[in-house]
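Here we start with a single chain on its own, the form predicted on its own, put down as structure tokens.
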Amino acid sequence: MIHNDLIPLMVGVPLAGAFLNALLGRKLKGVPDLLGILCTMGTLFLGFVMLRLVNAHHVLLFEVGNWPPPIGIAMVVDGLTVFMLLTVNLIAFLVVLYSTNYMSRYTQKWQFYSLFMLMLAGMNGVIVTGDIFNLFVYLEIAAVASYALVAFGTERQELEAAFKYAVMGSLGSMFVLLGVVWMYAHTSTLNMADMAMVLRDGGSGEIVLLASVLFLVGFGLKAALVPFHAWLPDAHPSAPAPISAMLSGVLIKALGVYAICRLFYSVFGITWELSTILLTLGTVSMCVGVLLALKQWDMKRLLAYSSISQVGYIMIGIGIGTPLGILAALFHLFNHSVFKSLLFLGSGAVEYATGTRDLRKMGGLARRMPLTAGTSMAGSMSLAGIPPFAGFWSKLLIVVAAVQAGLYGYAIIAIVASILTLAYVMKMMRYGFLGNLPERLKGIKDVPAMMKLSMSLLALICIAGGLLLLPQVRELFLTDASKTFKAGTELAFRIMSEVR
């Protein structure tokens, strides 16, 4: 069907953008910004089109080269897929708007946008692919582009952080590839739907257990779950602000959290043991991240540790495994993508204007940068879970889901972590935007218009994000995505029956 042919455009459009930027961007001023905006706007529009199609048809399937799976490569869009596509491409579009002004301080804008589009193509590919080996290929495209983007400033700190990120990321990729090898040896197929059917009919054994461990470690490294998080606190602060927003906002979700969800729910099938592991990893990540964030004075490093903590909340919701827990996890994934992107862009605006990220060298910035201060406050309140901001509702649902499942200890820990989160965001606002303005900063001014527009739109989503829980909106955006988790092999049978 014609609407199925839209699926490869989610990868093709950003790939074309990367190619055209490399071809034309170095010679024609303004072309990199224009291509970046048009490509991300295009993929976001395609995401909304697919949202309507999925609500009508439930599953969209594209056969690459007209070779039917499991022999050929399939691209699949279901409720969870379209949810992730909209989240990733919304953040990408708003980050590109911000970058039109921010990246002017860097040379070779065309290189930035080419790498950015490659990273976006890789993330979209990871989300839509129905083939486990191609998931690895797209993961590597996104990861390699992100290594280069972290080093884009080419200073010593950026290069060191990028090297560390590349080493840890390559280690994670090796674990993923080994898992793919073992699963192919065991099932004789690379198609995830077909693999799920083989495992359902033939049962699992020691090889599947080994592959599960390899995937959990590999994708845990991509998601920066504790104890696999060592690369993140260096990579996120060192990258340019737009890349920090992408890394923390969507990259660790698409390459890590989404891949874990897709494999362990739709292919392997969730078990009590795996659920316990996810709950444990989520709790440890949540606690370690929040405690390390409390003592940070580097604004971006504080936000980097905060990302580790917030991914922990998402994993707890996924580990609970109830319909409410899964819906809450997805809602918090979306909310975290928005408010953490906003806060990293806000920190970039502060550094753009003041030349520093050290909170001890700031103060009183709200007087000179009122819009940056206001949007950062909206992001901070959503991060801390203060009503009526969006983050409050998703954290509340995670706590309620834990209580309903009888996991009272996890609920209490989540509440305590949220209180500690409020402590470090108030520290950031107090030392960054309130108090007296240092003499050397009295001549600064707020950031250019496109940076303000991007931050304002993200802040608006933080304020109004709770509306996603309204029945009509929830059914359209969140409910179908959460149902995909529980579908498991039913989804595999539906895909394969469509093929046959």
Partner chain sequence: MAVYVLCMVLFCVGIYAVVSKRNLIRIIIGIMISENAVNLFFIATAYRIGGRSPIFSPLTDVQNMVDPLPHALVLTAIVIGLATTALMVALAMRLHEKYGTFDIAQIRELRG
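Numbering follows the first chain given and starts at 1. Everything quoted here is computed from the prediction, not taken from an experiment.
Quick note: we don't show the form predicted in complex with the partner chain, though the next part is all about it.
Heavy atom within 4.5 Å of the partner chain in the predicted complex: which of Phe268, Phe175, Tyr352, Phe392?
-> The residue in contact is Phe175.
Could you check which residue among Tyr113, Phe219, Phe331, Tyr305 gets a heavy atom within 4.5 Å of the partner chain in the predicted complex?
-> Exactly one residue meets the criterion: Tyr305.
In the predicted complex, which of the stretches 315-323, 295-303, 379-387, 279-287 has residues with heavy atoms within 4.5 Å of the partner chain?
-> The contacting stretch here is 295-303.
How about Glu160: is it within 4.5 Å of the partner chain in the predicted complex, going by heavy atoms?
-> Answer yes; at least one heavy atom of Glu160 falls within 4.5 Å of the partner chain in the predicted complex.
The partner chain contact at Val137 in the predicted complex, heavy atom, 4.5 Å | Val137 belongs to the contact set for the partner chain.
Tyr102 within 4.5 Å of the partner chain in the predicted complex, heavy atoms | No - in the predicted complex, heavy atoms of Tyr102 and the partner chain never come within 4.5 Å of each other.
Val144 within 4.5 Å of the partner chain in the predicted complex, heavy atoms = It does: once the partner chain is placed as it appears in the predicted complex, Val144 has a heavy atom within 4.5 Å of it.
Can we say Asp358, Met362 and Ile444 each have a non-hydrogen atom within 4.5 Å of the partner chain in the predicted complex?
-> Judged in the predicted complex, none of Asp358, Met362 and Ile444 sits within 4.5 Å of the partner chain.
Within 171-190, which residues come within 4.5 Å of the partner chain in the predicted complex, counting heavy atoms only?
-> Leu171, Met174, Phe175, Leu177, Leu178, Val181, Trp182, Tyr184, Ala185, Leu190, in sequence order.
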